[in-house]
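As structure tokens, one chain now follows by itself in the form predicted alone.
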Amino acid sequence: MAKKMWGTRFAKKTSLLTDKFTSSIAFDKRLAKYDVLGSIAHAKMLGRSRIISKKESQLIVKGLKSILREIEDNKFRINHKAEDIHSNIQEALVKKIGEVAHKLHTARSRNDQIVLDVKMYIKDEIKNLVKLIILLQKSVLGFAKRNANIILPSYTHMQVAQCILLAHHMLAYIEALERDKDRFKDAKKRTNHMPLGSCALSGTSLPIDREFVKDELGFAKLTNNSLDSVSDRDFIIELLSGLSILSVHLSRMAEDLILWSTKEFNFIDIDFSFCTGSSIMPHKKNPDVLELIRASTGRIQGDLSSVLILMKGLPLSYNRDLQMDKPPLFDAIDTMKGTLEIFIALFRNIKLNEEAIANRLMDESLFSVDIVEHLIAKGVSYRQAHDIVGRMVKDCLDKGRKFSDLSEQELKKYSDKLGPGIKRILNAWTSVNMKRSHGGTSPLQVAKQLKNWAQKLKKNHISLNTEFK
């Protein structure tokens, strides 16, 4: 283990077991860029505030900028024997500029330093997540527009329910993703409070300028309580909560597509490039990508649970337990970014089995609500209308006979409000056209929503051809 920042007081070296067990460099190394950026702002402030000399400040900043270039060029050497990324960068700075590097840690602690690093990292990752969500919305919207004239049977309780436009179903995904996007943007507001200057937990007697550091690093506000600043991890929990909700939405989308791709449904054909086969059954074409998307929900929710449980018993302020907030945070973000990237591409490669879908629309139980509303429009109460159609279902559909086979005389047995005209509404297009209420599935309403979303998403200048590495 490299020389420790706190080792002077100790009469004895820590054991190799302790060094290995307490080291965080294996995972917090991804915060290197943010650690250096925060240190540059801090060094500038120390010089401006005359806590160190201007010359010392400039030398430290120069050394840090050199390290930053190495990090950006993937040339910075991670010392895996270092206790953490802060120590690693401090050692590298000492090698570049000498003993003056030790003045950098004036008026700060690793307690406020790590909160700063993670907040800067999260702010960047929220931007990335929002961009990916927008790209997924655009991909789903493109699929909806390409298939704007397709009607699907919809389901409640996994039982056939009513007719809807496929585009209406896709718009439901887009709405859910918009809420996810808003949650991340809202979480960023509470992350955007700058903690540096809180030091270990009580602030400092030195004349620091926290406002300057805040402005240098692009934060919106300062944290107001030094104790809370170093012990708060709400911003991590809030992001993980948003990721968990997003993962549920993506899992439900995946489940729809998995069901639709089965032989039993046969609504869609997922491109071979997003499927795998069986080692024993040559005929298999398995939607493994979608299944893994579904499974990743448990992983991300586990990451949230990990941090919630970690935090629940901690007294104020900083405790070393907080070192373990980063692995689940990094894992959840990485998992979600990978999931979004593949979903974006997958939606561009789905084909519809229109004949199979059309055959399902011959099921006249899809129109039972339309008959109920037809009767209501003729003055029949809802309860009576429901009972009338219920008897029709029992006498006809349950016995393999269609509503459309009923004669005028047979229809009158159920209600004198029923006549030959009822047969005109036993049609999928008639059914969806009648759902004109705001947010409904009528072609008019859906076309309006498709246009609204196209305009809204067009403002986000992110190409669908963007490649993610």
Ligand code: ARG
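Sequential numbering from 1, following the sequence displayed. These numbers come from a predicted model, not from an experiment.
Another form, the form predicted together with the named molecule, is not on view; read the next lines as being about it.
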Report task. Go through 234-242, 94-102, 131-139, 80-88 and give me the stretch that gets within 4.5 Å of the named molecule in the model of the complex, heavy atoms only. Result -> 80-88
**Report entry** Triple contact flag Phe143, Thr339 and Arg348 to the named molecule in the model of the complex, non-hydrogen atom at 4.5 angstroms
**Finding:** no
Query raised in the report: With the cut-off set at 4.5 Å between non-hydrogen atoms, does Phe274 touch the named molecule in the model of the complex?
Result: no
Query raised in the report: Would Leu322 show up as a contact with the named molecule in the model of the complex if we use heavy atoms at 4.5 Å?
Result: yes
Query - Contact of Ile114 with the named molecule in the model of the complex (heavy atom, 4.5 Å) - result: yes
Query raised in the report: Quick one: is Asp28 in contact with the named molecule in the model of the complex, heavy atoms, 4.5 Å cut-off?
Result: yes
Requested in this report: Name the residue from Phe184, Tyr318, Phe219, Tyr173 that puts a heavy atom within 4.5 Å of the named molecule in the model of the complex.
Outcome: Tyr318
Report summary line: In this chain shown alone, the residue from Lys188, Lys214, Lys326, Arg294 with a heavy atom within 4.5 Å of the named molecule in the model of the complex is Lys326
